[in-house]
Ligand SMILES: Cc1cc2nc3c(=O)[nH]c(=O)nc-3n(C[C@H](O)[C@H](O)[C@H](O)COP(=O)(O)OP(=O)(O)OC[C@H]3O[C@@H](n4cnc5c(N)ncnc54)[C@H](O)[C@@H]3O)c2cc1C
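Given as structure tokens, the chain that follows is alone and in the form predicted alone.
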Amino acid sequence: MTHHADVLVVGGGVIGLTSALELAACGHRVRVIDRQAVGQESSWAGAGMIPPGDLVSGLMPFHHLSVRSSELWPELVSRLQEMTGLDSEYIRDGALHLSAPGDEATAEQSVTAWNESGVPAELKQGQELPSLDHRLELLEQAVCYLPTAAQVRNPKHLQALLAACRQLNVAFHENHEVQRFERGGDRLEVVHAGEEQFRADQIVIATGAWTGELASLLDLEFPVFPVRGQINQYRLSHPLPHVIERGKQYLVPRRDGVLLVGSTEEHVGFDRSEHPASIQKLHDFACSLLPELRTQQPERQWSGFRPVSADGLPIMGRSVELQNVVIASGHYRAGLSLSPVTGEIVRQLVRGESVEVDLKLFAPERFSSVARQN
């Protein structure tokens, strides 16, 4: 059977769903296909932190992308709740950034850098934070406090996105793994998935950690690889008031007392097996900040595959080889947090609108043989 659409979105994670929402809201007939049930990979597995910017990469275009996405979150979750009645549990509860071991940057330097980038930051001692209770061993440590940092509860947000897309008549084809493509000149004509064929004027590739495998079916070069991240879950009698980050490790408190502790970075391909040493490392980190966890063991552990590109930056833009294909992948640790701005960019690219974000740094052609020959 052949299905037709204005736009076919390949990949039903948070990037694909947000892109489908944006396009369907503009009146496009949108179909989404996914190799399994939608929203079951890294979009679901992450901790849901939404930073107000990004200074780690040292690249201002990436920082501006993160700032823009942070600004879009309140309107997006409000719109979803109005449409569906579902709460994404978006909270702007602030974050405490602790200096990582071996990190030369002091809390004072971090505060200065954030403020100079346009993001409010404050230098705090533990006892200067009224909402920070005695359970945390931070009372003598200076920390960088980011009051506009936020979080969202991934599974609930995905449910709201899916419900809103259905209201806008987005068609979903789950458990449809792409086997091959048919190209016609500089266009992608047909996508074959299972027994079905899909034709669309525009095709969006948002397949996360599987993008590299998919691109190989098209003889394209989009080097995106999986990096496994593991998370421990605990339950507290009273939730912590803020997200706490130290380097790439974090504590993320939910309103109902659930505490997520993450995360690892493991280059193991698509291996889902749990790694006891990694789980113990996360447990030790959590106990070093929250001594009450020393008498607990994680009530759950899980893992997900982050999609990282060869240079660690997202791949966003129109393919130079296939004029009707838009790529939105490789977001690494920031897929969820950057999903609102990515959906906006995809909508602008598909509709031929002016793209407000400078995409040069993220352009797909930076990896292509066409670009290297020019």
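Note that residue numbering begins at 1 and tracks the sequence as displayed. What you see is a predicted model, and the numbers here were worked out from it, not measured in a lab.
Keep in mind that the form predicted in complex with the ligand is not shown, yet the notes after this line are about it.
- Contact here is defined as any heavy atom lying within 4.5 Å of the ligand in the predicted bound form, and by that definition not a single one of Leu65, Pro314 and Ala363 is a contact residue.
- Although the partner is absent here, Gly48 lies within 4.5 Å of the ligand in the predicted bound form, judged by heavy atoms.
- Using a 4.5 angstroms threshold between heavy atoms, Pro226 stays clear of the ligand in the predicted bound form.
- Contact check for Pro253: every heavy atom lies farther than 4.5 Å from the ligand in the predicted bound form.
- Remark: Ser43 counts among the residues lining the ligand in the predicted bound form, judged by a heavy atom distance of 4.5 Å or less.
- Checking Leu259, Leu136, Leu220, Ile231 against the ligand in the predicted bound form, a heavy atom within 4.5 Å turns up for just one residue: Ile231.
- A heavy atom within 4.5 Å of the ligand in the predicted bound form is found for one listed residue only; from Ala334, Val325, Leu349, Leu55, this is Ala334.
- Comparing 210-218, 283-291, 112-120, 77-85 against the ligand in the predicted bound form, the single stretch with non-hydrogen atoms within 4.5 angstroms of it is 210-218.
- Taking the ligand as positioned in the predicted bound form, the residues of 149-184 that bring a heavy atom within 4.5 Å of it are, in sequence order, His176, Glu177, Val178.
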